[in-house]
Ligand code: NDP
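Next comes just one chain, in structure tokens: the form predicted alone.
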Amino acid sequence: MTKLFAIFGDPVSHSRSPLMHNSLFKALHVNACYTRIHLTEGSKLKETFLNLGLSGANITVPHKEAAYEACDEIRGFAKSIGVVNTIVFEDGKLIGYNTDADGFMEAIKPFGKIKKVLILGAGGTAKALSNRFLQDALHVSILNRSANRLEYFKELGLTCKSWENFICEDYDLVVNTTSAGLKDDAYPAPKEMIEEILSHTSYVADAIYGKVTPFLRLAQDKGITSKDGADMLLYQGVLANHLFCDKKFDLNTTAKIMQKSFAL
């Protein structure tokens, strides 16, 4: 019987996840298929998952917190952050995990030593990354359009600012976790603010992949070492597939096969 997997998101048509996972299934002769599901209401995630008879799923913006609520059980890192990007159907239950954070840490290894980070945005990805950065004792600041989503981060002891009261400092790394630039030409904050931030950082990362966002383009124009979200996508996908396939396959083998799919 063919197992069915999917990615939920809004938008989701841009997702490379089906290509990555299907390439792996084909190469390693796994009887499975992976597709995209455009979901506008996160509250319907569990119902949709069960109705489709899925064996597992990935979740992208803006449903990662809704995915946490949809699960019957949470394991690992996802427990402490309330954010799920990977679900596995096991013994009639939806089991939630988070592979985003470890995937991101693998992606930024080429940047070398990082001590001070500014995260743009306050959604599920920001929650995952900020908690993971804290595990490595990094100094983390959060910048969000408004202050009403910052309480979670304040409780973690992070430096939290809205656009109204932001004062720029020096950073090793600035990460855009917002969807600004995904479907438009917007910046994750006013352009003048982004200009100032970019003049005070050594490295830049954007969670968005598949296009050069205005934020990333501005960083490149300034000669800042940067990368889009492709490596984060790859490594979180490797870890997610490890769970989908009951940890049967070597992570390095999975990474090599999935990496090749980016050239397709």
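So that there is no doubt, residue numbering starts at 1 and follows the sequence shown. Keep in mind it's a predicted model, so treat the numbers as computed, not measured.
One more form of this protein, predicted together with the named molecule, exists but is not displayed; see below.
> Does Gly123 make contact with the named molecule in the model of the complex, using a 4.5 Å heavy atom cut-off?
Yes, Gly123 is a contact residue.
> Is Gly229 close to the named molecule in the model of the complex, meaning a heavy atom pair under 4.5 Å apart or at it?
Flag for Gly229 set to yes.
> With the cut-off set at 4.5 Å between non-hydrogen atoms, does Ile208 touch the named molecule in the model of the complex?
Heavy-atom contact with the named molecule at 4.5 Å: present for Ile208.
> Taking heavy atoms and a 4.5 Å cut-off, does Asn144 contact the named molecule in the model of the complex?
Looking in the model of the complex, residue contacts with the named molecule include Asn144, since a heavy atom lies within 4.5 Å.
> Of these, 66 to 74, 50 to 58, 231 to 239, 37 to 45, which stretch puts a heavy atom within 4.5 angstroms of the named molecule in the model of the complex?
Partner-contacting stretch among the options: 231 to 239.
> Let me know the one among Phe89, Phe166, Tyr152, Tyr187 whose heavy atoms come within 4.5 Å of the named molecule in the model of the complex, would you?
Flagged contact: Tyr187.
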